[in-house]
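Below you will find one chain, with nothing else, as structure tokens; this is the form predicted alone, and questions on how it binds or moves follow later.
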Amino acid sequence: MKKYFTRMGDGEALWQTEDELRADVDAGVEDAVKRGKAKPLADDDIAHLLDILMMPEKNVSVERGNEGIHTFDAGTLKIPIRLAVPVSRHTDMLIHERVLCSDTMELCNTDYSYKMVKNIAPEEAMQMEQAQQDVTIPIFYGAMPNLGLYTKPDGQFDNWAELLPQGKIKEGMEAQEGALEQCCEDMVMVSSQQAEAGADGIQFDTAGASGDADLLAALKATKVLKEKYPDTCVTMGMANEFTLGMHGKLKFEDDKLAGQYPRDQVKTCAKAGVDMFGAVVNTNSSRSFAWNLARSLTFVKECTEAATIPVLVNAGMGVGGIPLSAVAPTDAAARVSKSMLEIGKADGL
């Protein structure tokens, strides 16, 4: 019986028969339905996904007319930091525009958190102004809310991750409430300077990494920014498929944040004024690529159907069905891209 080359969720090579691929696809869909009460993929979608998984080419592409835009998080960290190529951030942006043909690019700092960047915000704004002189594609400024940095000893608030196991529930909740307000102020301050310097957009990346308070800080910052700079695009990329209830009672305009899956996250983000939503589905490295991709697609398709704003699927190391490895295998990344655009109906990646 013919076997097809595929991978595990950690990138290890794997060969599977069509029946084995189908079984893993069905199991991935079932997991999304069970955990997130998602609507299962239609039979036609599953057949399309199997066709993509069994394509003999190493790398595949979308059919003409199904293209999507390409965006980045941690944009200027990719070449000079992660690949250790000695180029400036300015040169990095030009490479992405003129060599890699990127649709957009993100300027960011190595300390990828708004709390850390606020100390050098004017210098970062100068870098943005220079980029706007030379780069044609839209340039965003991005960083994470990273609420954990506001806890002692780095910040002024007690660490709720230590308080909650001690049964100090009220103290833990109050610490998060104080931290999110400070985080919101920092995000607005840094983002405002970038907007004044000509940034085409602001990226709030990995929102919700510290739970629902982390996400609320980003939502509140978005609302303030859109009131101040209505023409500045705000993109919000989520931390995971499920908003952790570290606080548990926080709401944004009557929407309870804890427990939200992508279909609900995108609606709440739209209420805050977010222009583009970065859906995240986490990869399980111990399951197959087919299982992970089918599971991700199930969440994403439901998200795009519920969305009133563009959905840009986070498709990188360990998210969106892509294997959890330092460098994403192109055979897997290409199949994720094709599947998300043609089956998931995402607007981009």
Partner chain sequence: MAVMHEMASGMGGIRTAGDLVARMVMKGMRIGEAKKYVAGKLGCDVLDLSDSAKMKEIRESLDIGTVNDRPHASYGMSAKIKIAELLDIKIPSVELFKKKLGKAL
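Residue numbers count along the first chain shown, from 1. Bear in mind that the values here come from a model prediction, so they are computed numbers and not experimental data.
The form predicted together with the partner chain is left out here; the points below concern that form.
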| field | Contact test, all of Asp103, Ala307 and Ala328, partner the partner chain in the predicted bound form, heavy atom 4.5 Å | value | yes
| request: Answer with one of Met54, Ala47, Val62, Ala27: the residue that has a non-hydrogen atom within 4.5 Å of the partner chain in the predicted bound form. | output: Val62
| remark: Answer key, the partner chain contact in the predicted bound form at 4.5 Å (heavy atoms) among Ile137, Ala270, Val87, Ile81: the residue is Ile137
| Is Lys345 a contact residue for the partner chain in the predicted bound form, using a 4.5 Å heavy atom cut-off? | yes
| query | Can you check whether Lys118 is within 4.5 Å of the partner chain in the predicted bound form, heavy atom basis? | reply | no
| message | Since only the chain is shown here, I'm wondering whether Asp92 would be in contact with the partner chain in the predicted bound form (any heavy atom pair within 4.5 Å). | response | no
| task | Would you check, heavy atoms only and a 4.5 Å threshold, whether Gln133 touches the partner chain in the predicted bound form? | result | yes
| Per-stretch contact check against the partner chain in the predicted bound form, the hit in 106-114, 215-223, 157-165, 195-203 (non-hydrogen atom, 4.5 angstroms) | 195-203
| task | Could you list which residues of 207-235 come within 4.5 Å of the partner chain in the predicted bound form, counting heavy atoms only? | result | Asp231, Thr232, Cys233
